[in-house]
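Let's start with one chain on its own, the form predicted alone, as structure tokens.
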Amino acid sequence: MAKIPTVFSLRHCFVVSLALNVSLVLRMVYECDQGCKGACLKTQSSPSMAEPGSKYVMHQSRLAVSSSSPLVNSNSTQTAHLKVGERIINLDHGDPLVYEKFWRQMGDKTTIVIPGWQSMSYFSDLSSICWFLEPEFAREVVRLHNVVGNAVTEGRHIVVGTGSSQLLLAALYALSPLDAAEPINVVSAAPYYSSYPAMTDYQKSGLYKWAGEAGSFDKEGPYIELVTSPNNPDGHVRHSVVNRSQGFLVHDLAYYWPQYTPISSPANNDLTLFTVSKSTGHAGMRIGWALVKDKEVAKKMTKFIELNTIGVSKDSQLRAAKVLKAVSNTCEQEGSSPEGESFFRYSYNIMEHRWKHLRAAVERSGTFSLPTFSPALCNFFNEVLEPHPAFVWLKCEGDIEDCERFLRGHKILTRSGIQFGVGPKYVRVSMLDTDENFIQFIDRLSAIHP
């Protein structure tokens, strides 16, 4: 058999390869065009999610959003091929992507450059009880609380942690008697944050143990009560339940910010936890802080973090400081800056908008019920406002006994009330996800009827 010339073979390979690539591109364009047409048709037939003249416009579906849009997250390329009605919406966790658009609009106002020689030492401030606390971050924490008016910082020691989760464990360690015959009991009123039991028991510490629901706690002796306010999952303002002389209180105020609830007064507690993830939306920084009145408790919390992670990332603290500074600036310059409105005003408007459409969807469906909240004076906005929590505490009415399973059948992932110490007729649903996911959630909820 005659040998085919090498040049002829390569030329043909190139032509075949080019033809295949052109064919693939044409097919992708055709399928995208068909998908976008379907999404646009649905947008025209569905109720608008934007108020007339509102700048808080939310696109109808992920397929209808340009790939350059700030609303598209990293999962868009993996799910764009699915039809809108077939895509699973995961609202189980509270990933705060709702704030991404604001921070994109801020441009380089929160950009930092860290030289290679900076942040090399373990130590930040040897004069501080929390020796790995960056002074710049501490200053911005105090400034932000003073601007918002949601916590007393005077006479408090600041302890920084890798998120409020690490700080909670540090607080349990610091408040537990070291010479007790048995572990101290840790309780919280139901519905409590679903991770409290696992976080308390996963180390199998001999110092503390999960003892369940605070309302039914009747054991004598010392105890630690975790008070989350506004509460995760139901959004209500909380106070301690047990109220005995031998008790220690840890106040988790991750959601005590103006976009979620009226700021009635500065929190004045012995030990209060905050986190960047829910205040500004920067969950990936893994930065939280505690305001601690007792010096010895602050020392023990610092010791726990030292033993656990030998401090907290300086890079994260410096970035967090820049973000907190930007938030405070928008509050102090509201009305005079090019952006016009503060981060909290922007965030409040979005949360108000979402809750309005959620309540309308629940009313149209007739299958679910929602908590009700009383308006209160917000000292930050100087207005009487209604709370708009970060999570929905949704109840399935009628014969639906397992709400989480029921919604999973409609391709909506939520977290069952069982994990919060109550029954399966309740679920927690995140209100902090992307616009696309939230709109699809509203559409599907509206379409469910008894």
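Given the structure is predicted, the values throughout are model-derived calculations rather than measurements. When you see a residue number, it is the position in the sequence shown, counting from 1.
Another form, the form predicted together with another copy of the chain, is not on view; read the next lines as being about it.
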Checklist outcome for this item: Of 263-271, 376-384, 146-154, 160-168, the segment with heavy atoms within 4.5 Å of another copy of the chain in the model of the complex is residues 160-168
Checklist entry - So which of G221, G212, G284, G340 reaches within 4.5 angstroms of another copy of the chain in the model of the complex, heavy atom to heavy atom? => result G284
Checklist outcome for this item: Answer key, another copy of the chain contact in the model of the complex at 4.5 Å (heavy atoms) among T367, N185, S229, S313: the residue is S313
Checklist entry - Does any heavy atom of E136 come within 4.5 Å of a heavy atom of another copy of the chain in the model of the complex? => result no
Next on the checklist: Check D95 for me: does it contact another copy of the chain in the model of the complex (non-hydrogen atoms, 4.5 angstroms)?
Outcome noted: yes
Next on the checklist: Can you tell me if S277 lies within 4.5 angstroms of another copy of the chain in the model of the complex, counting non-hydrogen atoms only?
Outcome noted: yes
Item to check | Contact test in the model of the complex: E100 vs another copy of the chain, heavy atoms, 4.5 Å | outcome: yes
Checklist entry - Of 188-220, which residues get within 4.5 Å of another copy of the chain in the model of the complex if you count heavy atoms? => result Y193, A198, M199, Y202, Q203, K204, S205, G206, L207, Y208
